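To begin, one chain is listed below as structure tokens, in the form predicted on its own.
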Amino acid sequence: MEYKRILTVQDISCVGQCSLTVALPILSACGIETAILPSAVLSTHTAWTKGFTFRDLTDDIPAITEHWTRENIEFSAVYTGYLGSARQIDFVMDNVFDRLADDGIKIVDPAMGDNGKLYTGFDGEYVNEMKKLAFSSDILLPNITEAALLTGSSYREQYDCAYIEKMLYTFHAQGVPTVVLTGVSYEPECSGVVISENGKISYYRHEKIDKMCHGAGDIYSSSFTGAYLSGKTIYDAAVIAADFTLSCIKNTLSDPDHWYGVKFEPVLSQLIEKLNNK
């Protein structure tokens, strides 16, 4: 297999298992050389709600990418997650994507909301800017909330296939070839992932766990990206990521004191085993 180098652009939450502290070990475990571009530095992730520090690193990005240009550093893929500001999105599109190899892949996790609400610090301007990035992606990895925001749909807790397919159609109409939509639950006891490749729709149903775990979406997006770049198909990568994320959550449920993230590290070997299965 070709040894690939990926760039992931997202924040560093110094404490809390999310964003780069999740993406870097998971992508590395998948055998992918992983370069990073921090979008912001936080003392903890925003689930701490009070007192966390936040430093936007937007102004540092141009100099970093200019150095990469001078050194002719390129990437097989760019995978974006939580970005620090609306202004940063333009820098990513104008400067960061320029460092993709000719056949490079743009993978976007539009990390900005869940359960019908935007994350702390985001607003309508951020959503409008995120639309530009999302619609320029080769692979888009939204949850239901993010899909509704990006397509201008009303958020629903209960929905049918027609609701999901309408959002997928909107993404494809905007030029997104592949959408992997997470957290799609057609039945109370199950959840799942909808994969739409140029309008061809597949659904992977899996067990539903009602506990909210901060960082689970980052685990999913990172393991999907790692599996796909390791040579798996879009569908197989989506399934591997779903199964691994479930294993991580289950590994956390028995520890009520671990409310701030997902204990993924002890089960990383399961992801590696799944990648090695033919």
Ligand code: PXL
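Quick caveat, the model's predicted, so the values are computed rather than measured. Just count from 1 along the sequence shown to find any residue number.
Omitted from view is the form predicted in complex with this ligand, to which the following refers.
Proximity of F135 to this ligand in the predicted bound form: non-hydrogen atoms within 4.5 Å are absent; the residue sits far from the partner. Proximity of G226 to this ligand in the predicted bound form: non-hydrogen atoms within 4.5 Å are absent; the residue sits far from the partner. When contacts are judged by a 4.5 Å heavy atom cut-off, Y186 does not count as touching this ligand in the predicted bound form. In the predicted bound form, A23 stays away from this ligand, with no heavy atom inside 4.5 Å. Exactly one listed residue, out of I234, I249, A47, I32, brings a non-hydrogen atom to within 4.5 Å of this ligand in the predicted bound form: A47. Figure note: of the listed segments 24 to 32, 61 to 69, 237 to 245, 39 to 47, the one touching this ligand in the predicted bound form, with heavy atoms no more than 4.5 Å away, is 39 to 47. Looking at 71 to 100, the one residue that comes within 4.5 Å of this ligand in the predicted bound form, counting any heavy atom, is Y82.
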